[in-house]
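One chain follows as structure tokens, the form predicted alone.
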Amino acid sequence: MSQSPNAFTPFDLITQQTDPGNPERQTLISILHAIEQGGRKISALLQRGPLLGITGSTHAQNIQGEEVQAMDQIGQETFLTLFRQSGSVLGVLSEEAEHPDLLPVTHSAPCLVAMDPLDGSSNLSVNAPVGSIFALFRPSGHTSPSGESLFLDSSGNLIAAAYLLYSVSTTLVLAIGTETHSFTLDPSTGEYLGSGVALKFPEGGKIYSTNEGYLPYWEKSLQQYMGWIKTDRNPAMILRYIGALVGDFHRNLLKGGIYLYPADVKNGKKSSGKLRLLYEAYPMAFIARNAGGIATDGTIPILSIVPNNVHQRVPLIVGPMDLVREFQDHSGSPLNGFS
């Protein structure tokens, strides 16, 4: 019997990209199992969200000063519980918690997980796509006095990244080793299945994704770039923007497009950016790199930034190499040394 063209699983990818003698392989499988199970639970809840009354705000704010949605809390509790049960996660850093949670471990080579448990949750009230984002780090081995220092010391040891996209279907995108793959949740079996073909950004894309409402607050060079891509570039680029990082990134990964969330400049002062480095920018940069793309903060590659705070914010420019290089050239910060 021939194999189904969609019989490749995330566990096949881990097996393919890791050494069988490495104890980290079992840790990655255990963490992936938790992410998959969390994705099933969140997906099922979202399908009934309005009926259950869980698509609105809690009228509280998280550590970021952002309004917390009911599903933010559910996502946080769901994934934190599953990571705790896995015995493979030493610590969890989340957008929804001020300090990392340190967890008991039973595996010999545990990992750290940084997550945004429900990216774009304000989209829920209008039934638009949302997601969950994860970055997996190898602990540095240094003795750390706190969860914060543990994550900061280990930030250079990013070994895998993933996101779940909850939309018409539920998609898991996983980057490990040198490849990025996409898997679709089969609701009839609970399996995540893919083709086994690694994802690569298409060349020659013409989509840009950004909130142009902030254009007046951007640096002049970025304003000029935006004018150029719409009038003088051949072909001109077209705007597509969902307002959830996972949704915008996923479309651009499949169709070829650049995501732009630069820093604002207000009252002569440049902001530090909007998106969080460890659990939004880092994982998207890792996924993009494995798919032939790159992520920058507008000046340097995201993966070269050393964090000084676990909730550190950064600007984010991410997409295929040709479009990001084009952006960098026109904004005055060429990507020297990157092919």
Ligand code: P6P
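Note that residue numbering follows the sequence shown and begins at 1. In this text the structure is predicted, and so the values were computed from the model without any measurement.
The same protein also exists as the form predicted together with 6-O-phosphono-alpha-D-fructofuranose; that form is not shown, yet it is the one meant from here on.
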For this session: Decide yes or no: are G38, Y166 and F183 jointly within 4.5 Å of 6-O-phosphono-alpha-D-fructofuranose in the predicted complex, with each residue judged by its heavy atoms?
Result: no
Problem set entry | Answer range among 22-30, 267-275, 42-50, 289-297 for contact with 6-O-phosphono-alpha-D-fructofuranose, defined in the predicted complex as heavy atoms within 4.5 Å | 267-275
For this session: May I ask you to check whether Q85 falls inside a 4.5 Å heavy atom distance of 6-O-phosphono-alpha-D-fructofuranose in the predicted complex?
Result: no
For this session: Give a yes or no for A244: in the predicted complex, does one of its heavy atoms lie within 4.5 Å of a heavy atom belonging to 6-O-phosphono-alpha-D-fructofuranose?
Result: yes
Exercise. Closest heavy atom of Y259 to 6-O-phosphono-alpha-D-fructofuranose in the predicted complex, within 4.5 Å or not?
Worked result: yes
Exercise. Would G120 count as touching 6-O-phosphono-alpha-D-fructofuranose in the predicted complex under a 4.5 Å heavy atom rule?
Worked result: yes
Seminar exercise, completed: As a check of understanding, the residue in N157, N211, S108, N127 with any heavy atom within 4.5 Å of 6-O-phosphono-alpha-D-fructofuranose in the predicted complex should be identified as N211
